[in-house]
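A single chain comes next, written as structure tokens; it is the form predicted on its own.
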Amino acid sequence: MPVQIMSAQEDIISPSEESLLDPRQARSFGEALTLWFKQAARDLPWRRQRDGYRALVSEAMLQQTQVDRVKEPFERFMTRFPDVLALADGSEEDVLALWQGLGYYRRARLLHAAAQVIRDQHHGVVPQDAATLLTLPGVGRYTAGAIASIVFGERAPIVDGNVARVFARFATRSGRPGDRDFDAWCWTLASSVALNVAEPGVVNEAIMELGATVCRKHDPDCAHCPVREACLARASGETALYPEVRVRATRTTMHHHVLVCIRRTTSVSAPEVLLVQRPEKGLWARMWQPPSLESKKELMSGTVTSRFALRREPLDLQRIEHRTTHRDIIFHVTRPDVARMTEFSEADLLTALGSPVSRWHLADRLDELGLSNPHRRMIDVAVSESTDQS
């Protein structure tokens, strides 16, 4: 059964579009969510043990990534880096390798940098207040508020996509996430709630949980919402209208022509793959990948052959379509058409590509390096094919 808000509905009056909750309404709102959350909260790894470091790692991983995709990487990460000093002292390459599967690798670098700042400037102790947390690399207003309130009990507000959706529907507030006025309204309402409830951290997490599991973007489960009776969107039957759809940025299409080079030597049992390191900035910065050519248009086969400095056209392996936040990337995956690489000139290839940092790496030890998901998949395919042909 859904949790009722106090004993009388007048204790939390449905807000108008322009009004915010007064202190009494905010307390009632928080009490209903607190009771519901303690019954309905999902069992998540970062909730089983509360501390600033675990919260910092989980919040970094959860940015733009679904909860189910974070559970296993979080536990793997905590095993390798059990505390902030272990992370600060670890190498960026190790951090990126453990981040595989989560995407948005800039988050991993910023998390690593934040750990180093905590080590060097805060005696290895994660700050407890939102203002200080905001000074850490990669920590924005939401993350600072989440850690400060949920772990340390500070009356700090938080607003993410789930919170904004709950608020917009509750008050039928016009606007869309990213709009200045709408965002300011959400933060003001979140501040009012945090300042007036008994347990701000619990209520903040409850609002996020409500948005993730009940007040979903599509097909909200209004019948099981603890604040349903006071929700204006539920009363009007127009939950789908709130918040308004965010305007998407114009997407661009890129073509990546990839050459997966596999070799087998008598000194090692597993095959090796040739990898190059990406540039210092941009997509997948400093991560590893097979040699690649990138262009806005698909290249002709003869152009690919000459620009890879190959003696004959490479053989097609597969085509992979991959979406990032602002790009559609089409990978044209090939391999050299040579027997055991005898006609392959690694030096010519690397010179043609501008002499990037390169290495041959055991294909069964790719977990040691930071590779994107599509690059890892295409290497697995190439290795499997080379094994079948050997």
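What you are looking at is a predicted structure, and each value in this text was computed from that prediction instead of being measured. By rigid core we mean the largest C-alpha set that fits within 1.5 Å across both forms. For every residue, the number given is its place in the sequence shown, counted from 1.
Just so you know, the form predicted together with the DNA exists too; it's not on screen, but the next bit is about it.
**Q** With a 4.5 Å heavy atom cut-off, would you call Glu272 a contact of the DNA in the model of the complex?
**A** Glu272: no, not in contact with the DNA in the model of the complex.
**Q** Using heavy atoms and a 4.5 Å limit, would one call Arg359 a contact residue for the DNA in the model of the complex?
**A** So Arg359 does not count as contacting the DNA.
**Q** Just to confirm, Leu110 within 4.5 Å of the DNA in the model of the complex by heavy atoms?
**A** Yes, contact at 4.5 Å.
**Q** Using 4.5 Å between non-hydrogen atoms, is Glu199 touching the DNA in the model of the complex?
**A** The answer is no: Glu199 has no heavy atom within 4.5 Å of the DNA.
**Q** Though the DNA is not shown, can you say which of Lys281, Lys297, His123, Arg319 has a heavy atom within 4.5 Å of it in the model of the complex?
**A** Looking at Lys281, Lys297, His123, Arg319 one by one, just Lys281 meets the 4.5 Å heavy-atom criterion.
**Q** Heavy atoms within 4.5 Å of the DNA in the model of the complex: which stretch among 97-105, 115-123, 255-263, 83-91?
**A** Single hit among the candidates: 97-105.
**Q** Decide if the three candidate residues Leu20, Thr172 and Asp183 all line the DNA in the model of the complex, where lining means a heavy atom within 4.5 Å.
**A** Negative, none of the three is within 4.5 Å.
**Q** Heavy atom within 4.5 Å of the DNA in the model of the complex: which residues of 125-158 qualify?
**A** Leu136, Pro137, Gly138, Val139, Gly140, Arg141, Tyr142, Thr143, in sequence order.
**Q** So with the core overlaid, does the Cα of Arg48 end up 2 Å or more away between the shown form and the other one?
**A** No: Arg48 shifts by under 2 Å between the shown form and the other one.
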